[in-house]
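Have a look below at one chain only, the form predicted on its own, in structure tokens format.
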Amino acid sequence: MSDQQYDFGLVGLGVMGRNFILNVADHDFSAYGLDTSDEMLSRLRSEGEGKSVDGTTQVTEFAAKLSSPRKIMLLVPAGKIVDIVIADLLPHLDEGDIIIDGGNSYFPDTDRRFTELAEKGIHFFGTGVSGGAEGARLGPSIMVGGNATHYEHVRPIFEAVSAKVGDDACVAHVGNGSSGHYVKMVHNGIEYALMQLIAEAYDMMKYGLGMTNLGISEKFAEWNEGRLQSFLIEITSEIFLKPDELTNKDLIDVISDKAKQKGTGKWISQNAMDLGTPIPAIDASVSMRAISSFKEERAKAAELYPKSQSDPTMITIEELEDAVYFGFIITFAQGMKQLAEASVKYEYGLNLENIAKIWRGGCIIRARLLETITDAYGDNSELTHLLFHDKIVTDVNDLWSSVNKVVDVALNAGISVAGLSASANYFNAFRSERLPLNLIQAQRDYFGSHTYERTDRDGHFHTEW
């Protein structure tokens, strides 16, 4: 057995873990992996041939191979398995060693682990990693939460392996405690909503405007050259060109319309409710995935409730592009607002400019719009809402007539645009100086004596209705 000491350790040599550890080795850091599977270990050695990378199935050997302080990253499924892996590692670690959870863990779990490990002298970082398998291999966006001082031990490695936009590495120590996993949770919520908006645009193109898959592909590719440039728009344009190997059809036409989810969308919606921060565009995207699972009921309802004969060709493809861009803006605005509220509530100390900056490359939600968002928070770090930035105000005012038209035509044609309509309703409510919620205050006081506030004097009041 070699006596070499390795710079970096990684537990979990599946596709994500193996790609990440090879990325580390590509950047002149030696790396050592741990997995229970001999097959995964064999794949690592094969793919890492000629690099300073190796691994083992034995935790004792793994710990002994790492230089001090040990820097160990976990890329394993969120949940109990994270605690199991940590428990296996602990007897072999020393005070001052570092554990990094790079999975999609729920942020309260990260807070618990942070506290438990701190009591044992182990530094813990909850770290969001976005970019999928390709990003892990070639450069992801990395969101690190935990102690800023101890982050310096891993910063050179993370800066080396992360995606780059110009001279900027798409990695940052985003804040205290569980902030890294919280920021990743919001990232995933934004991802849900952007995907829903794109799906709605596809629905309007194919079943509203009667476009072919080739035409849809070409239009998304065109959009990707402009203000909607983004990873999700880019891959969408490619999806419509893929033939099915089992039939003579396009693959998109034989894929089931029942979408899956892993839980991060639900987490952000639940937490937004806890914070009292509205994110209806994101909520709608989560709900639509749930609705999609009721395939049999939807088929029955389609027979009972035939759609109207309204002509969806009343909109232009340019108006549809306007509407999608509006939805992108509202989605990011809602996500950034939730980050701002969470930063205060959980004392994270988030810097929204830095978060937008590291999302510009490597991650699933990377988009040209993030340049504008980065500039917005760079211009004014006290910006209370993205919709108050001058550039955004101008854009939204220019887009609004198209949004109204697309939503109206889609609904009259029986085409669901849940994400876009939720975005439009949020915007209408947000820009309303007066809402009808005074009636709700009165109703609550009427049936429950919950009191109400007045417009002409301070205090809480109750009426015997």
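Because the structure is a prediction, the values reported are computed rather than measured. Position 1 is the first residue in the sequence shown; the rest follow in order.
Although it is not shown, the form predicted in complex with a small molecule is what the next lines describe.
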Worksheet, complete the sentence: Exactly one listed stretch (293 to 301, 127 to 135, 196 to 204, 334 to 342) reaches within 4.5 angstroms of the small molecule in the model of the complex by non-hydrogen atoms, and it is 127 to 135
Worksheet item: Every residue in Q229, V324 and R366 with a non-hydrogen atom within 4.5 Å of the small molecule in the model of the complex?
Response: no
Worksheet item: Which of these residues, T236, N188, T110, T374, gets a heavy atom within 4.5 Å of the small molecule in the model of the complex?
Response: N188
Discussion item. Which residue, H389, R289, H92, H153, is the contact with the small molecule in the model of the complex, using a 4.5 Å heavy atom cutoff?
Written reply: R289
Worksheet item: Hey, in the model of the complex, is K184 touching the small molecule, heavy atoms inside 4.5 Å?
Response: yes
Discussion item. Although the partner isn't part of this model, could you tell me whether G96 comes within 4.5 Å of the small molecule in the model of the complex, counting any heavy atom of the residue?
Written reply: no
Discussion item. How about G378 - does it come within 4.5 Å of the small molecule in the model of the complex, if we only consider non-hydrogen atoms?
Written reply: no
Worksheet item: N104: heavy atom within 4.5 Å of the small molecule in the model of the complex?
Response: yes
